[in-house]
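Only one chain is given next, in structure tokens, and it is the form predicted alone.
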């Protein structure tokens, strides 16, 4: 049975490949395809049927330099080729891909932009998915039933307990209950956004956690939690660490290094998550583009490279599913470690010494 199923799948894949070979494929601009996907936009393009584009046109909400508000659909820009009400999408320069207007000198300037973009909409959808996953389990426990949790809710409970018992408890220490809600929220927020970003059709595929603005906000949240939770011993170790006096006075070498470390920790969180997710999307898109790049090299070359591209795309997608969990786990783990380090007490420090 398994061999016959594999044969059917292989034949179906081969048929799809042969059909694609028969079609007239244009060689794409790989750089443009990849960067268009990785960057944010005011329109969520889904597919194309013939000459007709199927897309979700998002609302544009901007406030001009003169103080006037404008609310309209992004379809007014006609995929960025037209201007509307004095606003247009910059095609080049430092504001490329953003809504701009021109001042009296003819220079492009940014208005106050509160538009709902592709990443913002995906963020709302993913948060809704997260609530739909977690709230039923919360209601189950709120009901006080003693029956064991089964099915999908049981799997979610297992994931929660694994993070709670294996990451939060040992890393944070005795105050772990205070920080568990934040750390569990961070884990599931990143995990859900990573997974939905791998779905190749609407409403998935958006590069949310591969957007540095999103990872920066997450890192800032951890930065605030860590430093507002810091004990006297934690701040003493930063401004007056237990090192020889000549490393602190007259030149505050170690305090400067410690203060620098306060900012490099959240920076590392931000860059790690951003870089790994963005790289995964870029590699997957690059492999898919191989099918179209080799279309002009003949059927034999195109067929061989298409099989290779499909195989490695499937392989990378499975790897990215694992990376989606690993990156959420690592971000949560390091956040918990940083919080635990900030909650250190004089007695704890004395034991370590």
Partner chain sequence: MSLLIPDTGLLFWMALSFGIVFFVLAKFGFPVIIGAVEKRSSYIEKALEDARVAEEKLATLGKQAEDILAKAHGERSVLISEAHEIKNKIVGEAKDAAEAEARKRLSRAAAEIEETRSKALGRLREQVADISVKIAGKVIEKELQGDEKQLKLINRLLDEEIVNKA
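Positions refer to the first chain, counted from 1. If you're wondering where the values come from, they're calculated on a predicted model, not measured in any experiment.
Unshown form predicted in complex with its partner chain; subsequent notes refer to it.
Its partner chain is not drawn, but in the predicted bound form it has a heavy atom within 4.5 Å of residue 157. Interface membership of residue 98, defined by any non-hydrogen atom within 4.5 Å of its partner chain in the predicted bound form, is confirmed. Proximity of residue 177 to its partner chain in the predicted bound form falls within the 4.5 Å heavy atom cutoff. Proximity of residue 161 to its partner chain in the predicted bound form: non-hydrogen atoms within 4.5 Å are present. Note on the interface: of 83-91, 114-122, 255-263, 238-246, the segment with non-hydrogen atoms within 4.5 angstroms of its partner chain in the predicted bound form is 114-122. Among the residues 131, 224, 104, 199, the one placing a heavy atom within 4.5 Å of its partner chain in the predicted bound form is 131. 137 is the sole member of 109, 283, 233, 137 with a non-hydrogen atom within 4.5 Å of its partner chain in the predicted bound form. Residues 167, 206 and 327 are none of them found to lie within 4.5 Å of its partner chain in the predicted bound form, as judged by heavy atom distances. In this stretch, 54-79, the one residue having a heavy atom within 4.5 Å of its partner chain in the predicted bound form is 61; the partner itself is omitted from this view.
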